[in-house]
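One chain comes next, on its own, written as structure tokens: the form predicted alone.
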Amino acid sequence: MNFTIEKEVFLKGLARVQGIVEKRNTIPVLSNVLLEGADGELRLTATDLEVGMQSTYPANIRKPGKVTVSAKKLYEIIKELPDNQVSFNAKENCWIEVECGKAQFNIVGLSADEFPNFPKSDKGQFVTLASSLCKEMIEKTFFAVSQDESKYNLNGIFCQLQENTGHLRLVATDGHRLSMIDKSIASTASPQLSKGFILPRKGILELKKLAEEGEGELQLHFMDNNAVVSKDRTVIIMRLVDGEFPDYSRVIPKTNEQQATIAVGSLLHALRRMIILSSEKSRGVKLNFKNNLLELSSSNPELGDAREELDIEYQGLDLSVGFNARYLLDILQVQDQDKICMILKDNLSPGLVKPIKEDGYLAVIMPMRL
């Protein structure tokens, strides 16, 4: 195998696969990227057996072939080369020669025969999503995905088509907070989409990166127990999380009476100040709601305490409730609007956070005893 390619094109392709290749080295070939050259195109493939990516780039293929090489080492080498054409030559013994200008590297590769097969996606019925919409929906839910590996059915985002409204719904929860967004999509209903499925955390991160690369449209379809997403000349295949997502509708408050309208910027900065002197374990901050006034306070016996007042719109009963400030900050940081509506019942019930103007988004946060 022998080809030449522009450094920037090669670097972009290698950068894309860095988040996918297996880091633990349990199977050596999974830390490699598969390079296949033919018909004026270089195809890069990476997988960890859960999430896989395949992209195609223009290259001058002098001799077709395929080989695998350490994705991390090749990326580090290409990154430091001068902006010029890169010459790549794979020899019979899987040694790889990389040249650019006067720099020359010889790297040990592995046979392409050892690399797992990347499934050929059968483009049947697919759903089309605008990249900007996909990016927004992931940003507004991803922070609530559970980090606890034992709660495997919460280690991802639940997606489902709401057939009564034609909206695509994304939901994430870790048991302490929940984030949900509904957005209208032009879609023909598919059985998998109507039933609902859980996308894995790692796959979602790669999907978000793909959505951030220019406008364009993403095409989503399903194959066995995998979701397949394609955009331009890149395909991502991810194994769906096997498990039932909990009945999240039960934790969304229905009858909360006390409603406060709060400026996002003011609350965001006040919480950042309060968190400095909060308990390092719980990050608890107390919110006291009074007539058109919100009093925030935090304390840590080893550091001290803090208190701040904010002018808000609130006409309800006096109410004091504790929340994890980090959870509130996560919600505030993804808001597009200037004001949020916080709806509460009492100090033991979940709080509901919505943008002041309806946009299909809501978040639920569980209270804390402080």
Partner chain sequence: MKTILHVDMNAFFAAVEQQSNPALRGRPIAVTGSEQRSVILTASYEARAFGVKTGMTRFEAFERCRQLILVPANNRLYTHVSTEIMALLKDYTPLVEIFSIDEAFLDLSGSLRLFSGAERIAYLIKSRIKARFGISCSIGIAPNKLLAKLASEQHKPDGLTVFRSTEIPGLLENMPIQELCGIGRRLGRQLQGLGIFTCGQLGRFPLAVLRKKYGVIGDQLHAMARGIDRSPVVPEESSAPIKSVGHSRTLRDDLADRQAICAFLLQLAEMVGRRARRYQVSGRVVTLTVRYADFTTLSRQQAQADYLAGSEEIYRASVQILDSLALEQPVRLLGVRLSDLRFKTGQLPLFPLERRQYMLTEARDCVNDRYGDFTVMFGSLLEQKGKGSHVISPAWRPQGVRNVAVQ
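Numbering follows the first chain given and starts at 1. This structure is a prediction, so every number in the text was calculated from the model and none was measured.
Absent from the display: the form predicted in complex with its partner chain. The rest refers to it.
Residues with any non-hydrogen atom within 4.5 angstroms of its partner chain in the predicted complex fall in just one of 220-228, 243-251, 106-114, 79-87: 243-251.
When contacts are judged by a 4.5 Å heavy atom cut-off, His176 counts as touching its partner chain in the predicted complex. Remark: Ser282 counts among the residues lining its partner chain in the predicted complex, judged by a heavy atom distance of 4.5 Å or less. When contacts are judged by a 4.5 Å heavy atom cut-off, Tyr314 does not count as touching its partner chain in the predicted complex. Contact between Val9 and its partner chain in the predicted complex is not found at the 4.5 Å heavy atom cutoff.
Each of Ser150, Tyr327 and Asn347 comes within 4.5 Å of its partner chain in the predicted complex, counting any heavy atom. Applying a 4.5 Å heavy atom cutoff to its partner chain in the predicted complex picks out no residue from 302-316.
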